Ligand code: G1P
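Shown next as structure tokens: one chain only, the form predicted on its own.
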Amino acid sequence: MIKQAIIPLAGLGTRLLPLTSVFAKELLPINGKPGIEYIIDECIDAGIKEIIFIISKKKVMIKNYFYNDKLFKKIIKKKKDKRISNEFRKILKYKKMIKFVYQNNPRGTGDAVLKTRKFIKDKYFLMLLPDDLIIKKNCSKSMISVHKKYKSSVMASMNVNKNNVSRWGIYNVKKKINNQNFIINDVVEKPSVKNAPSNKAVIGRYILPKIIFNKLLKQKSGKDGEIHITDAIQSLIKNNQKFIGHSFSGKYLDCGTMDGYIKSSLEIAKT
């Protein structure tokens, strides 16, 4: 069973400036609720028992959000507000599940994953990227079901516009399993339109094997001088590790851009 999840949160969120000049993007409200709480709730519903947040010193307000007990207790004692009491209980529940590690030098998602190495206990773990919300159906839960059935790594997938492939990790298919699942042949980090192997993109949900840490420890910097998780995955695929691309059924929302952030609030308000 997959019981641990990691969530990289150390990025500066420059695409959401000026909001993120003073505020962590993951705490920005989406329809009245901090974006990170949608990710935590997805994990809980999927059976995850422990979540590891990767933050930086510049993002310490994320940790403070879960450790503001004195403020809540003072206000609850004074106001007797039921809504605030319920919110405090929810945050306490979250806090029991969360560990924090630090990535103070932003060297890519692969480097962020590597910071969690000593905490991962089982053969596989879940990784979620907070900019990618998937609503209406729990993507992590369906991926865990695929992992159980095929005993392999799994990555969330969707078809994207060919002109936008340079935003994503793009893969091509080795073998079709069924209408929703494919064995991946190759994956490339943010290829040009000309060099993209397909228009099948990896979205921000991964079930990864613990052995990926061995690759990341030796991995050299890639595009833009960063250590990319995609490069480590490609190395494992070449070593005959099976990775499945899972076409999820939920609705994808991109919260990492200003336009996407606004549209996400409007979309969630409809549900």
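Start at 1 with the first residue shown and count on from there. All of these numbers come straight from a predicted model, not from anything done at the bench.
Keep in mind that the form predicted together with the ligand is missing from the display, and what follows is about it.
- Considering the ligand in the predicted bound form, the lone stretch of 164-172, 94-102, 135-143, 118-126 in range is 164-172 [heavy atom distance within 4.5 Å].
- At a distance threshold of 4.5 angstroms between non-hydrogen atoms, Val202 is in contact with the ligand in the predicted bound form.
- Within 4.5 Å of some heavy atom of the ligand in the predicted bound form lies at least one heavy atom of Lys190.
- Proximity of Ser157 to the ligand in the predicted bound form falls outside the 4.5 Å heavy atom cutoff.
- The ligand is not drawn, but in the predicted bound form it has a heavy atom within 4.5 Å of Thr109.
- Relative to the ligand in the predicted bound form, residues Phe53, Lys215 and Gln234 are all farther than 4.5 Å at every heavy atom.
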